[in-house]
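Let's start with one chain on its own, the form predicted alone, as C-alpha coordinates.
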(Lines give C-alpha, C1' and ligand atoms only; values in the text may rest on other atoms or scores of the structure.)
Protein backbone atom coordinates (compact mmCIF):
# COMPACT_ATOMS: atom_id res chain seq x y z
CA UNK A 1 0.00 0.00 0.00
CA UNK A 2 1.24 3.56 -0.72
CA UNK A 3 2.58 5.41 2.28
CA UNK A 4 0.62 8.22 3.89
CA UNK A 5 1.25 11.73 2.56
CA UNK A 6 3.20 14.13 4.78
CA UNK A 7 2.31 17.79 4.30
CA UNK A 8 3.75 20.91 5.85
CA UNK A 9 2.06 24.20 6.72
CA UNK A 10 4.27 27.26 6.97
CA UNK A 11 3.38 30.77 8.10
CA UNK A 12 6.12 33.36 7.63
CA UNK A 13 5.08 36.00 10.15
CA UNK A 14 6.62 39.26 11.27
CA UNK A 15 7.59 37.99 14.74
CA UNK A 16 7.83 34.22 14.27
CA UNK A 17 7.78 31.52 11.63
CA UNK A 18 5.51 28.59 12.39
CA UNK A 19 5.72 25.16 10.80
CA UNK A 20 3.23 22.34 11.34
CA UNK A 21 3.48 18.88 9.85
CA UNK A 22 0.45 16.72 9.20
CA UNK A 23 0.11 13.12 8.10
CA UNK A 24 -2.83 12.36 5.82
CA UNK A 25 -4.05 8.80 6.25
CA UNK A 26 -6.12 7.26 3.51
CA UNK A 27 -6.74 10.67 2.00
CA UNK A 28 -9.32 11.44 4.68
CA UNK A 29 -7.79 11.71 8.14
CA UNK A 30 -5.26 14.31 9.28
CA UNK A 31 -2.90 13.76 12.20
CA UNK A 32 -0.65 16.60 13.34
CA UNK A 33 2.69 14.94 14.02
CA UNK A 34 5.14 17.84 14.29
CA UNK A 35 5.32 21.52 15.13
CA UNK A 36 8.03 24.12 15.61
CA UNK A 37 8.60 27.85 15.67
CA UNK A 38 11.57 30.09 14.90
CA UNK A 39 12.08 33.76 15.58
CA UNK A 40 11.39 35.68 12.40
CA UNK A 41 14.11 37.91 11.01
CA UNK A 42 13.80 39.78 7.74
CA UNK A 43 10.02 40.23 7.71
CA UNK A 44 8.33 43.61 8.17
CA UNK A 45 4.57 44.16 8.16
CA UNK A 46 4.09 40.69 6.72
CA UNK A 47 6.45 41.22 3.79
CA UNK A 48 9.93 39.84 3.21
CA UNK A 49 12.69 42.47 3.34
CA UNK A 50 15.70 40.15 3.79
CA UNK A 51 15.37 36.95 1.78
CA UNK A 52 18.50 35.29 3.19
CA UNK A 53 17.49 35.81 6.83
CA UNK A 54 13.93 34.65 6.24
CA UNK A 55 15.22 31.56 4.45
CA UNK A 56 17.43 30.56 7.38
CA UNK A 57 14.61 31.07 9.89
CA UNK A 58 12.09 29.17 7.78
CA UNK A 59 14.44 26.26 7.19
CA UNK A 60 15.19 26.10 10.93
CA UNK A 61 11.46 25.87 11.74
CA UNK A 62 10.85 23.20 9.10
CA UNK A 63 13.84 21.13 10.18
CA UNK A 64 12.80 21.24 13.84
CA UNK A 65 9.22 20.25 12.94
CA UNK A 66 10.44 17.35 10.80
CA UNK A 67 12.66 16.11 13.62
CA UNK A 68 9.72 16.10 16.02
CA UNK A 69 7.54 14.36 13.45
CA UNK A 70 10.18 11.80 12.55
CA UNK A 71 9.24 12.28 8.90
CA UNK A 72 10.11 14.39 5.87
CA UNK A 73 7.59 16.72 4.26
CA UNK A 74 6.37 15.88 0.75
CA UNK A 75 4.88 19.28 -0.03
CA UNK A 76 4.16 22.60 1.65
CA UNK A 77 1.07 24.78 1.96
CA UNK A 78 2.19 28.35 2.52
CA UNK A 79 0.27 31.41 3.75
CA UNK A 80 0.59 34.86 2.21
CA UNK A 81 0.04 38.23 3.85
CA UNK A 82 1.17 41.80 3.39
CA UNK A 83 -0.26 44.97 1.90
CA UNK A 84 0.64 43.81 -1.62
CA UNK A 85 -2.32 41.40 -1.55
CA UNK A 86 -5.40 42.88 -3.17
CA UNK A 87 -8.77 41.56 -4.25
CA UNK A 88 -11.83 42.35 -6.32
CA UNK A 89 -15.22 40.87 -7.14
CA UNK A 90 -16.04 39.69 -10.63
CA UNK A 91 -19.14 38.18 -12.24
CA UNK A 92 -19.23 35.76 -15.12
CA UNK A 93 -22.45 35.53 -17.12
CA UNK A 94 -23.46 32.98 -19.75
CA UNK A 95 -26.62 32.07 -21.58
CA UNK A 96 -27.53 28.46 -20.80
CA UNK A 97 -26.75 26.30 -23.84
CA UNK A 98 -29.45 23.68 -23.53
CA UNK A 99 -32.49 24.30 -25.70
CA UNK A 100 -34.74 23.66 -22.69
CA UNK A 101 -32.55 25.81 -20.40
CA UNK A 102 -31.26 23.03 -18.14
CA UNK A 103 -28.05 24.24 -16.50
CA UNK A 104 -25.06 21.91 -16.99
CA UNK A 105 -21.57 21.61 -15.49
CA UNK A 106 -20.23 23.09 -18.71
CA UNK A 107 -22.38 26.21 -18.21
CA UNK A 108 -20.92 26.61 -14.71
CA UNK A 109 -17.36 26.21 -16.05
CA UNK A 110 -18.00 28.76 -18.80
CA UNK A 111 -19.41 31.30 -16.35
CA UNK A 112 -16.43 30.75 -14.09
CA UNK A 113 -13.97 31.28 -16.93
CA UNK A 114 -15.77 34.48 -17.86
CA UNK A 115 -15.47 35.75 -14.28
CA UNK A 116 -11.75 34.93 -14.04
CA UNK A 117 -10.47 36.34 -17.32
CA UNK A 118 -9.65 39.92 -16.32
CA UNK A 119 -6.04 40.77 -17.13
CA UNK A 120 -3.83 42.15 -14.36
CA UNK A 121 -1.24 44.93 -14.62
CA UNK A 122 2.37 43.97 -15.25
CA UNK A 123 4.08 42.58 -12.16
CA UNK A 124 0.88 41.19 -10.64
CA UNK A 125 -0.30 37.57 -10.48
CA UNK A 126 -3.47 35.87 -9.37
CA UNK A 127 -3.06 34.02 -6.11
CA UNK A 128 -6.50 32.40 -6.15
CA UNK A 129 -10.02 32.78 -7.56
CA UNK A 130 -12.57 31.98 -4.85
CA UNK A 131 -15.97 30.92 -6.10
CA UNK A 132 -18.91 32.73 -4.55
CA UNK A 133 -22.64 32.83 -5.08
CA UNK A 134 -24.43 31.50 -8.17
CA UNK A 135 -27.52 33.07 -9.72
CA UNK A 136 -30.03 31.36 -12.01
CA UNK A 137 -32.11 33.99 -13.76
CA UNK A 138 -31.22 36.41 -10.97
CA UNK A 139 -32.17 34.02 -8.16
CA UNK A 140 -29.36 33.01 -5.81
CA UNK A 141 -28.94 29.23 -5.64
CA UNK A 142 -26.52 26.88 -3.90
CA UNK A 143 -25.88 24.62 -6.90
CA UNK A 144 -27.30 25.64 -10.29
CA UNK A 145 -26.55 22.35 -12.06
CA UNK A 146 -29.77 20.60 -13.07
CA UNK A 147 -31.89 23.72 -12.56
CA UNK A 148 -33.82 25.45 -15.34
CA UNK A 149 -32.73 28.96 -16.24
CA UNK A 150 -31.99 31.02 -19.32
CA UNK A 151 -29.05 32.93 -17.78
CA UNK A 152 -26.40 31.84 -15.29
CA UNK A 153 -24.20 34.18 -13.24
CA UNK A 154 -21.23 33.18 -11.11
CA UNK A 155 -19.50 35.54 -8.66
CA UNK A 156 -15.84 35.25 -7.65
CA UNK A 157 -13.53 36.95 -5.19
CA UNK A 158 -10.14 37.22 -6.88
CA UNK A 159 -6.95 37.70 -4.86
CA UNK A 160 -3.83 38.92 -6.66
CA UNK A 161 -0.33 39.70 -5.46
CA UNK A 162 3.05 41.12 -6.36
CA UNK A 163 4.90 38.59 -8.54
CA UNK A 164 8.30 39.30 -7.01
CA UNK A 165 7.14 38.79 -3.45
CA UNK A 166 5.37 35.52 -4.30
CA UNK A 167 8.44 34.28 -6.19
CA UNK A 168 10.59 35.02 -3.14
CA UNK A 169 8.27 32.97 -0.92
CA UNK A 170 8.37 29.99 -3.27
CA UNK A 171 12.17 30.16 -3.54
CA UNK A 172 12.49 30.11 0.26
CA UNK A 173 10.72 26.74 0.39
CA UNK A 174 12.31 25.32 -2.77
CA UNK A 175 15.75 26.10 -1.31
CA UNK A 176 15.07 23.70 1.57
CA UNK A 177 15.93 20.00 1.41
CA UNK A 178 16.91 19.87 -2.26
CA UNK A 179 13.85 21.55 -3.64
CA UNK A 180 10.79 21.00 -1.47
CA UNK A 181 7.73 22.03 -3.48
CA UNK A 182 5.05 24.57 -2.61
CA UNK A 183 1.72 22.98 -3.43
CA UNK A 184 -0.44 26.02 -2.73
CA UNK A 185 -0.20 29.57 -1.43
CA UNK A 186 -3.28 30.63 0.51
CA UNK A 187 -4.14 34.11 1.85
CA UNK A 188 -3.56 34.08 5.60
CA UNK A 189 -6.99 35.55 6.26
CA UNK A 190 -8.71 32.67 4.44
CA UNK A 191 -6.67 30.01 6.25
CA UNK A 192 -7.34 31.57 9.66
CA UNK A 193 -11.01 32.13 8.90
CA UNK A 194 -11.53 28.47 8.11
CA UNK A 195 -10.38 27.57 11.63
CA UNK A 196 -11.65 30.46 13.78
CA UNK A 197 -15.23 30.51 12.43
CA UNK A 198 -17.59 27.55 12.45
CA UNK A 199 -19.60 26.36 9.46
CA UNK A 200 -22.74 27.87 11.00
CA UNK A 201 -21.04 31.23 11.58
CA UNK A 202 -19.80 31.39 8.00
CA UNK A 203 -23.21 30.48 6.64
CA UNK A 204 -24.89 33.12 8.82
CA UNK A 205 -22.39 35.76 7.67
CA UNK A 206 -19.35 36.69 9.73
CA UNK A 207 -16.17 38.74 9.71
CA UNK A 208 -12.99 37.02 10.91
CA UNK A 209 -10.16 39.35 11.99
CA UNK A 210 -6.71 37.79 12.45
CA UNK A 211 -4.48 40.19 14.39
CA UNK A 212 -0.87 39.11 14.15
CA UNK A 213 2.37 40.84 15.04
CA UNK A 214 2.90 42.81 11.84
CA UNK A 215 -0.43 42.70 10.02
CA UNK A 216 -4.16 42.35 10.57
CA UNK A 217 -5.80 40.07 8.00
CA UNK A 218 -9.55 39.86 7.63
CA UNK A 219 -12.06 37.81 5.66
CA UNK A 220 -15.78 38.50 5.26
CA UNK A 221 -18.29 35.67 4.74
CA UNK A 222 -21.82 35.94 3.43
CA UNK A 223 -24.02 32.83 3.23
CA UNK A 224 -20.91 30.70 3.55
CA UNK A 225 -19.08 32.41 0.68
CA UNK A 226 -15.99 34.59 0.91
CA UNK A 227 -16.94 38.02 -0.44
CA UNK A 228 -13.99 40.13 0.74
CA UNK A 229 -10.48 39.75 2.11
CA UNK A 230 -7.98 42.37 3.16
CA UNK A 231 -4.70 43.09 4.90
CA UNK A 232 -3.84 46.04 7.15
CA UNK A 233 -0.11 46.61 7.80
CA UNK A 234 -0.72 47.12 11.52
CA UNK A 235 -0.58 44.48 14.25
CA UNK A 236 0.51 43.60 17.76
CA UNK A 237 4.05 44.81 17.19
CA UNK A 238 2.71 48.31 16.65
CA UNK A 239 0.97 48.16 20.04
CA UNK A 240 4.31 47.27 21.60
CA UNK A 241 6.08 50.06 19.74
CA UNK A 242 3.45 52.57 20.89
CA UNK A 243 4.08 51.55 24.50
CA UNK A 244 7.82 51.83 23.97
CA UNK A 245 7.56 55.38 22.64
CA UNK A 246 4.77 56.57 24.92
CA UNK A 247 6.32 55.24 28.12
CA UNK A 248 9.96 55.80 27.10
CA UNK A 249 11.01 52.20 27.61
CA UNK A 250 12.77 49.79 25.28
CA UNK A 251 10.90 47.40 22.99
CA UNK A 252 11.56 44.28 25.08
CA UNK A 253 10.29 46.00 28.21
CA UNK A 254 7.21 47.21 26.32
CA UNK A 255 6.46 43.69 25.03
CA UNK A 256 6.68 42.20 28.53
CA UNK A 257 4.49 44.99 29.90
CA UNK A 258 1.89 44.44 27.17
CA UNK A 259 1.71 40.71 27.79
CA UNK A 260 1.70 41.03 31.57
CA UNK A 261 -0.44 44.10 32.26
CA UNK A 262 -1.82 45.28 28.92
CA UNK A 263 -5.50 45.70 28.13
CA UNK A 264 -7.43 47.53 25.45
CA UNK A 265 -10.12 49.13 27.63
CA UNK A 266 -10.12 51.85 30.25
CA UNK A 267 -11.57 50.90 33.64
CA UNK A 268 -12.31 52.85 36.82
CA UNK A 269 -9.41 51.39 38.75
CA UNK A 270 -6.93 52.43 36.05
CA UNK A 271 -7.09 56.10 37.01
CA UNK A 272 -5.17 55.65 40.24
CA UNK A 273 -3.40 52.31 39.95
CA UNK A 274 0.07 51.52 38.64
CA UNK A 275 2.31 48.53 37.91
CA UNK A 276 6.07 48.16 38.23
CA UNK A 277 8.01 48.13 34.98
CA UNK A 278 10.23 45.17 35.90
CA UNK A 279 8.64 44.01 39.14
CA UNK A 280 11.96 43.20 40.77
CA UNK A 281 12.43 46.51 42.64
CA UNK A 282 15.99 46.70 41.34
CA UNK A 283 17.77 49.78 39.96
CA UNK A 284 15.83 51.06 36.96
CA UNK A 285 12.51 49.60 38.06
CA UNK A 286 9.77 52.22 38.27
CA UNK A 287 5.99 52.52 38.51
CA UNK A 288 3.96 52.76 35.27
CA UNK A 289 0.42 54.19 35.45
CA UNK A 290 -2.21 51.66 34.39
CA UNK A 291 -4.14 54.52 32.80
CA UNK A 292 -1.24 55.30 30.46
CA UNK A 293 -0.95 51.65 29.35
CA UNK A 294 -4.66 51.31 28.68
CA UNK A 295 -4.91 54.61 26.81
CA UNK A 296 -2.01 53.79 24.50
CA UNK A 297 -3.27 50.29 23.67
CA UNK A 298 -6.89 51.40 23.33
CA UNK A 299 -5.97 54.05 20.76
CA UNK A 300 -4.11 51.63 18.48
CA UNK A 301 -6.68 48.83 18.77
CA UNK A 302 -9.49 51.27 17.98
CA UNK A 303 -7.52 52.43 14.94
CA UNK A 304 -7.26 48.86 13.61
CA UNK A 305 -11.01 48.33 13.84
CA UNK A 306 -11.69 51.79 12.39
CA UNK A 307 -9.63 50.98 9.30
CA UNK A 308 -11.58 47.76 8.81
CA UNK A 309 -14.86 49.64 9.24
CA UNK A 310 -13.85 52.23 6.66
CA UNK A 311 -12.85 49.56 4.16
CA UNK A 312 -15.97 47.44 4.50
CA UNK A 313 -18.58 50.14 5.19
CA UNK A 314 -22.14 48.86 5.37
CA UNK A 315 -20.94 45.30 4.68
CA UNK A 316 -20.32 45.08 8.44
CA UNK A 317 -23.49 45.61 10.45
CA UNK A 318 -25.67 43.46 12.72
CA UNK A 319 -27.90 42.75 9.72
CA UNK A 320 -25.07 41.97 7.28
CA UNK A 321 -23.04 39.74 9.61
CA UNK A 322 -25.44 37.96 12.00
CA UNK A 323 -22.57 35.62 12.88
CA UNK A 324 -20.68 38.57 14.33
CA UNK A 325 -17.01 39.52 14.32
CA UNK A 326 -14.64 36.72 15.30
CA UNK A 327 -11.12 37.51 16.49
CA UNK A 328 -8.06 35.30 16.18
CA UNK A 329 -4.29 35.67 16.02
CA UNK A 330 -1.92 36.22 18.93
CA UNK A 331 -3.01 39.80 19.63
CA UNK A 332 -6.66 38.71 19.95
CA UNK A 333 -5.82 37.56 23.49
CA UNK A 334 -5.31 41.15 24.67
CA UNK A 335 -7.91 41.72 27.43
CA UNK A 336 -10.69 44.06 26.38
CA UNK A 337 -10.02 43.84 22.65
CA UNK A 338 -13.47 42.34 21.93
CA UNK A 339 -15.15 45.27 23.67
CA UNK A 340 -13.26 47.76 21.51
CA UNK A 341 -14.21 45.84 18.38
CA UNK A 342 -17.87 45.87 19.37
CA UNK A 343 -17.82 49.60 20.12
CA UNK A 344 -16.10 50.56 16.85
CA UNK A 345 -17.79 48.12 14.47
CA UNK A 346 -21.20 48.09 16.12
CA UNK A 347 -21.36 44.29 15.87
CA UNK A 348 -21.03 41.53 18.45
CA UNK A 349 -17.31 40.76 18.67
CA UNK A 350 -15.78 37.72 20.36
CA UNK A 351 -12.80 35.41 20.37
CA UNK A 352 -12.83 32.53 17.90
CA UNK A 353 -12.68 28.89 18.90
CA UNK A 354 -10.87 26.05 17.18
CA UNK A 355 -12.76 23.05 15.75
CA UNK A 356 -12.97 19.80 17.67
CA UNK A 357 -10.42 18.03 15.46
CA UNK A 358 -7.68 20.26 16.91
CA UNK A 359 -7.10 18.09 19.98
CA UNK A 360 -3.64 19.24 21.02
CA UNK A 361 -4.07 21.87 23.71
CA UNK A 362 -0.93 23.77 22.72
CA UNK A 363 -2.28 24.23 19.18
CA UNK A 364 -5.58 25.68 20.34
CA UNK A 365 -3.80 28.99 20.86
CA UNK A 366 -5.25 31.60 18.41
CA UNK A 367 -1.76 32.18 17.06
CA UNK A 368 -1.98 28.83 15.26
CA UNK A 369 -5.20 29.51 13.34
CA UNK A 370 -3.44 30.25 10.06
CA UNK A 371 -1.16 27.20 9.99
CA UNK A 372 -4.00 24.93 11.09
CA UNK A 373 -6.09 26.34 8.26
CA UNK A 374 -3.30 25.54 5.82
CA UNK A 375 -3.27 21.92 6.99
CA UNK A 376 -7.05 21.78 6.57
CA UNK A 377 -6.82 22.90 2.95
CA UNK A 378 -4.03 20.39 2.42
CA UNK A 379 -6.33 17.64 3.65
CA UNK A 380 -9.14 18.85 1.39
CA UNK A 381 -6.91 18.74 -1.68
CA UNK A 382 -6.77 22.42 -2.65
CA UNK A 383 -10.52 23.01 -2.27
CA UNK A 384 -9.98 26.73 -1.66
CA UNK A 385 -10.69 28.01 -5.12
CA UNK A 386 -9.88 27.82 -8.79
CA UNK A 387 -7.15 29.03 -11.11
CA UNK A 388 -6.92 29.42 -14.85
CA UNK A 389 -7.49 26.18 -16.73
CA UNK A 390 -4.15 24.36 -16.90
CA UNK A 391 -2.40 21.06 -16.35
CA UNK A 392 -2.83 20.07 -12.67
CA UNK A 393 0.80 18.95 -12.35
CA UNK A 394 2.30 22.21 -13.60
CA UNK A 395 4.75 23.91 -11.24
CA UNK A 396 3.27 26.54 -8.94
CA UNK A 397 5.29 29.37 -10.49
CA UNK A 398 4.06 28.40 -13.92
CA UNK A 399 0.48 28.15 -12.70
CA UNK A 400 0.63 31.53 -10.96
CA UNK A 401 2.31 33.53 -13.69
CA UNK A 402 0.84 31.91 -16.79
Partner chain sequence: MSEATRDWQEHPLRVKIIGVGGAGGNAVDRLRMSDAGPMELAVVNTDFKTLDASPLTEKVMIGKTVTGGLSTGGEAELGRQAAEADREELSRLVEGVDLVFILAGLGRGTGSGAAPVLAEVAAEAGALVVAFVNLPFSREGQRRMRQAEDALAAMRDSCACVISLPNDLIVQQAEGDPTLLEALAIADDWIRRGVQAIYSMILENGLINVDFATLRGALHYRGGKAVFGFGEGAGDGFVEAALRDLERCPLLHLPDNRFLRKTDGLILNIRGGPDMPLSDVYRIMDFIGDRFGCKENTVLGAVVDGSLQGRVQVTVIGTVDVTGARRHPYRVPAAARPRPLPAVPPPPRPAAAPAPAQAPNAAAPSSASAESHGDTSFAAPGRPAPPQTGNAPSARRGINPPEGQAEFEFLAGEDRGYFEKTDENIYEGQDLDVPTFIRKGIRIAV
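Positions refer to the first chain, counted from 1. Just so you know, these numbers come straight off a predicted model, no measurement behind them.
Quick note: we don't show the form predicted in complex with its partner chain, though the next part is all about it.
For the candidate spot formed by 165, 248 and 296, every residue has a non-hydrogen atom within 4.5 angstroms of its partner chain in the predicted bound form. Proximity of residue 224 to its partner chain in the predicted bound form falls outside the 4.5 Å heavy atom cutoff. Remark: residue 279 does not count among the residues lining its partner chain in the predicted bound form, judged by a heavy atom distance of 4.5 Å or less.
Residue 350 falls outside the set of residues with a heavy atom inside 4.5 Å of its partner chain in the predicted bound form. Taking the partner from elsewhere, residue 174 is found to have every heavy atom lying beyond 4.5 Å of its partner chain in the predicted bound form. Contact with its partner chain in the predicted bound form, defined as any heavy atom within 4.5 Å, is confined among 113-121, 306-314, 197-205, 96-104 to 306-314. Proximity to its partner chain in the predicted bound form, taken as a non-hydrogen atom within 4.5 angstroms, holds for one residue of 67, 44, 56, 342, which is 44. Scanning 320, 150, 292, 259 against its partner chain in the predicted bound form with a 4.5 Å heavy atom cut-off leaves one residue, 292.
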